[in-house]
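Given as structure tokens, the chain that follows is alone and in the form predicted alone.
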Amino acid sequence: MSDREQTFVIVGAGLAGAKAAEALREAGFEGRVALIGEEAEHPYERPPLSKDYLRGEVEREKILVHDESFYRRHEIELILDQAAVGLDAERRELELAGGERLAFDRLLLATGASPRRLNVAGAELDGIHYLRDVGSSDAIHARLERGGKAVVIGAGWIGSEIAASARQLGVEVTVIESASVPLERVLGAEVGAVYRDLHLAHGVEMLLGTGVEAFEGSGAVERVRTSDGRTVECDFAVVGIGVSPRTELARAAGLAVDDGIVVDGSLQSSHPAIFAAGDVARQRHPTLGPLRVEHWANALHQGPVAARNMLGCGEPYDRVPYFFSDQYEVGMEYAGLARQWDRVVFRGKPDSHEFIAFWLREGRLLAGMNFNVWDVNEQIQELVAKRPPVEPAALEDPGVALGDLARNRA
């Protein structure tokens, strides 16, 4: 069968899906490409939703993956405002909420993830927001513009960025976090303390080491009661306690699922015609083992690799995980993956807000983060990718170029 007669379907019109569709055309695929999205919006990027877009500093068209005419010019069929509700893997058929059935030769699942909900008393009250899409970002922005007092539950990346954006707009903010410092699970106590102090310096009240017992109010949230007995008055709340991969279609179709859609090194699922990319994909990484990455760079790069492998290229996905965050005047980039470590080494002083942190285990570099230090992340990625044994003193010494350190251990 020529590719002109084939249909490739992509479920999920986010960054991974849109870049996969682009890659199919770039690779010369001439068949039908259908890109299906639940939202009525053209594909857009999500990082600005908690940062500059949330603050009203950029227009909606600036966050689009492509301009709206791109899909028409490249004959990519956008099917928007339609959820995929059924998948028959053996018949290679997808069912949409409107009743349409799409037969496919290859399918990419880029269904992303959904915010985890807080299951406590009062969780159904008005004024409790979750951030995942552009509509929810718009709703939070509108509430921020009215001012008042916000409670942010969760001090991971989303919660921390929303708290920072709210303070930049002049809103009073209390953050409630069960860990001892923000981002402790990802960065550990030492680097998490830097973010704690950063938020405190900008006037955020930090209630750490506690959780939410209940939301209280008459119709709308007015107070948050913490698990250690405190009560925090508020005008609204934002919950950011992580996300869960959207695996419903895959699970119902009998695909292998384990904290995401299980895929191999080329992003192929347990069914040979079905691939997955982005937040929903749990990939067997060649050096890091099974992992699922919920960040922009992963969606940006996995989508095109999955697309090329749908065409039979057999291209491995072996990139080092990467993410970034901007909070107040501070920007950072993180490369690698440190699940467990025995030492954190700093190049520069953390309290200076210009430093690089390295996570090591048994003398090997697992991850590095540049904090308000620029033009070094490519070298950090190279060093992390090679995973060499490395002397902490060399990492600490600003006189030792990171690029040289990586090349010397090639």
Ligand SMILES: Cc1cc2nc3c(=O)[nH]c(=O)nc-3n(C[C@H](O)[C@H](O)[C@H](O)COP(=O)(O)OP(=O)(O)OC[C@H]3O[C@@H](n4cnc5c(N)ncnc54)[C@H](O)[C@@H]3O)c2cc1C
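All figures in this text were calculated on a predicted structure; none of them were measured in a lab. In case it trips you up, residue 1 is the first one in the sequence shown, and so on.
FYI, the form predicted in complex with the named molecule isn't displayed, but the following is about it.
Contact check for E38: a heavy atom falls within 4.5 Å of the named molecule in the predicted complex. Using a 4.5 Å cutoff between non-hydrogen atoms, R132 counts as a contact of the named molecule in the predicted complex. Heavy atoms of V9 never reach within 4.5 Å of the named molecule in the predicted complex, leaving it off the interface. Residue contact with the named molecule in the predicted complex: T111 places a heavy atom within 4.5 Å of it.
Every member of the trio G14, L49 and D279 reaches the named molecule in the predicted complex with some non-hydrogen atom inside 4.5 Å.
Just one of V171, V257, A83, L125 comes within 4.5 Å of the named molecule in the predicted complex, counting any heavy atom, and that one is A83. The listed set H141, H295, H301, R284 contains one residue whose heavy atoms approach the named molecule in the predicted complex to within 4.5 Å, identified as H295. Looking at 195-203, 179-187, 217-225, 245-253, the stretch with residues near the named molecule in the predicted complex, meaning non-hydrogen atoms within 4.5 angstroms, turns out to be 245-253. Counting a residue when any of its non-hydrogen atoms is within 4.5 Å of the named molecule in the predicted complex, the hits in 141-164 run I158, E161.
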